[in-house]
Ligand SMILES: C[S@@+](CC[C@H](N)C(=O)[O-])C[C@H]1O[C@@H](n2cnc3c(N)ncnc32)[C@H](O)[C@@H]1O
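Before any questions on how it binds or moves, here is one chain, the form predicted on its own, in structure tokens.
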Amino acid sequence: MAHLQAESVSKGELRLCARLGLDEAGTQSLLAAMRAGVSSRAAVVLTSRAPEGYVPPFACEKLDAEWLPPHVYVPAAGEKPTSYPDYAEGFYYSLDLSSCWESACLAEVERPATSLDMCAAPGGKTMLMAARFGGQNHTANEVHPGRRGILRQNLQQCGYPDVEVTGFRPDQWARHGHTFDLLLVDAPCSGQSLLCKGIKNPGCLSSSMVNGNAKRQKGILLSAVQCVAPGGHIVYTTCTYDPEENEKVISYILKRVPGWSAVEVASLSAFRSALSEFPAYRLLPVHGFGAGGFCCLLRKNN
């Protein structure tokens, strides 16, 4: 490796790059991003509190990206959207641009009559869903009590007090028997992209953490598929890179559970994963739209 000495690269980093099938240039790019920790890129999504015709008070970039969701703005370099009074007023919610990229899957979904964000805290995916479809008949679920409190606070601040906040485990939802037209599953993961944001995340590249999360994610999805009405959808997302937690989790579900298929997302075609035969999408720091992530849209056919 020309830029990174081989002895400075850990076994976990080498294993990840090999699993991703990266060539020398791709390996150098990803490892450099992990070390630099500056790939995070801010975005804001307007909320129900924003007045009609509202435009954020800070300078924004005009992003040439077909996948950019509605009501999302990208602050210009150096801008800090959370420092403006409008943020405290709840006119917009701040999150990483890569989360907005993941929500592009929603463009292929008709407005749901009912929806559930199964792993909702701190609330970003719910905000993006509400910006596209509205927050009516939406449930935001978070198992962890502390994170559930943050979720509830964010929803209230941004003008969604009517969104029901719950704290059930995925298996409890499955036993409940209620079905939804749309499920958001932003699954707990090893969070490897945090390294590219400059956030320490010890052990995120270890096989034990990756495999443990993959097992948990499969369990969550096995419960989630029982909570979807015929013709409904699941948007599965993570903020990690390893295929064990992404493509292989989806492959496991498609092989194990009849009646499900992965759906093409037209606006994400440039990000189509080469690691699966079905449509799935991955973002890396080299793309320039944040720290990265993975998404796949699943449809219940019957």
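What you are looking at is a predicted structure, and each value in this text was computed from that prediction instead of being measured. We number the residues from 1 along the sequence you see.
Missing here is the form predicted together with this ligand; even so, the following discussion is about that form.
**Student:** I'd like to know whether Pro170 contacts this ligand in the predicted bound form, with contact meaning heavy atoms within 4.5 angstroms.
**Tutor:** Pro170: contacts this ligand in the predicted bound form.
**Student:** Would Gly212 sit within 4.5 Å of this ligand in the predicted bound form, counting heavy atoms only?
**Tutor:** Answer no; every heavy atom of Gly212 is more than 4.5 Å from this ligand in the predicted bound form.
**Student:** Consider Gly159 of the chain shown here, and say whether it contacts this ligand in the predicted bound form, taking contact as heavy atoms within 4.5 Å.
**Tutor:** Judged by the heavy-atom cut-off of 4.5 Å, Gly159 is well away from this ligand in the predicted bound form.
**Student:** Can you check whether Ile199 is within 4.5 Å of this ligand in the predicted bound form, heavy atom basis?
**Tutor:** Because no heavy atom of Ile199 falls inside 4.5 Å of this ligand in the predicted bound form, the answer is no.
**Student:** In the predicted bound form, which of 132 to 140, 116 to 124, 68 to 76, 199 to 207 comes within 4.5 Å of this ligand (heavy atoms)?
**Tutor:** Among the listed stretches, the partner-contacting one is 116 to 124.
**Student:** Please state whether all three residues His144, Arg147 and Ile220 have a non-hydrogen atom within 4.5 angstroms of this ligand in the predicted bound form.
**Tutor:** Spot residues vs this ligand: full contact, yes.
**Student:** Name the single residue among Leu106, Ala187, Leu182, Leu194 that comes within 4.5 Å of this ligand in the predicted bound form, judging by heavy atoms.
**Tutor:** It is Ala187.
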